[in-house]
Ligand code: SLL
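The chain below stands alone and is given as structure tokens, in the form predicted on its own.
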């Protein structure tokens, strides 16, 4: 529950925090990924499911627990991972089949928010829109590692005042959160040191890196812009296809009218 002294929501305000969830699977290989002793013979992969911050930033200030519901054939298939500051929420397993994982997010008590549920399909085998993309993933330099990662944004609508301070205490000096989150520095108040990740992301902020820094950090403004350009090109292509289809339909409708007219005269 929110602090009784600050049990008041900030109206007309929304704050979002980016995060990543997904799975990483590795085929067992004598050299790159040896199978540990005791693993069943029919298990072909090791895999990990996780929820973490963009650019590995800490998200435990707003997320306190994650529940992972795995396939029922897996022992102890419902597992809970509690927050450890600075660490991702993750668990590791081995297996041979793909299935849907239910991910339930539990927020810190100050948020007074109800848990939310995500669904993610565990992928063990290379995938892609084309055969070329599948082959590239299969024969990549990382030994056939299959990453199925999703970027998402958690939105907090009209957060409690106490939770707002938690969300933003690292993204701005403490003095900016006084008196309605504005005004000058208070007497005896210490400034909050604003730490940035290697990608330039400010802790406890909605920032994501400006540029890509390799396969372990695929989400950035640069990636976002590339996706926007792909969508623009796809939209142009769809519009052109729609125009051609419309022209064909008009021609056929015109021809149909002509045939009907000829039939009426006969």
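Bear in mind the structure is a predicted one, so any value in this text is a computation, not a measurement. Positions refer to the first chain, counted from 1.
Beyond what is shown, the protein has a form predicted together with the named molecule; the following relates to that form.
task = Could you tell me which one of 74, 78, 84, 118 places a heavy atom within 4.5 Å of the named molecule in the model of the complex?
result = It is 74.
message = Only one of 65-73, 49-57, 203-211, 225-233 has heavy atoms within 4.5 Å of the named molecule in the model of the complex; I'd like to know which.
response = Every other range fails; the passing one is 65-73.
message = Between the named molecule and 90, 147 and 149, in the model of the complex, does every residue show a non-hydrogen atom at 4.5 Å or closer?
response = Checking in the model of the complex: none of 90, 147 and 149 is within 4.5 Å of the named molecule.
message = Can you tell me whether residue 127 touches the named molecule? I mean in the model of the complex, with a 4.5 angstroms heavy atom cut-off.
response = No - in the model of the complex, heavy atoms of residue 127 and the named molecule never come within 4.5 Å of each other.
inquiry  = Can you tell me whether residue 112 touches the named molecule? I mean in the model of the complex, with a 4.5 angstroms heavy atom cut-off.
reply    = The answer is no: residue 112 has no heavy atom within 4.5 Å of the named molecule.
query = Any chance residue 32 has a heavy atom within 4.5 Å of the named molecule in the model of the complex?
reply = Looking in the model of the complex, residue contacts with the named molecule do not include residue 32, since no heavy atom lies within 4.5 Å.
message = Check residue 43 for me: does it contact the named molecule in the model of the complex (non-hydrogen atoms, 4.5 angstroms)?
response = Close contact exists here: in the model of the complex, residue 43 approaches the named molecule to within 4.5 Å, heavy atoms only.
query = If you look in the model of the complex, which residues in 91-120 sit within 4.5 Å of the named molecule (heavy atoms)?
reply = Stretch hits, in order: 94, 95, 96, 97, 98, 99.
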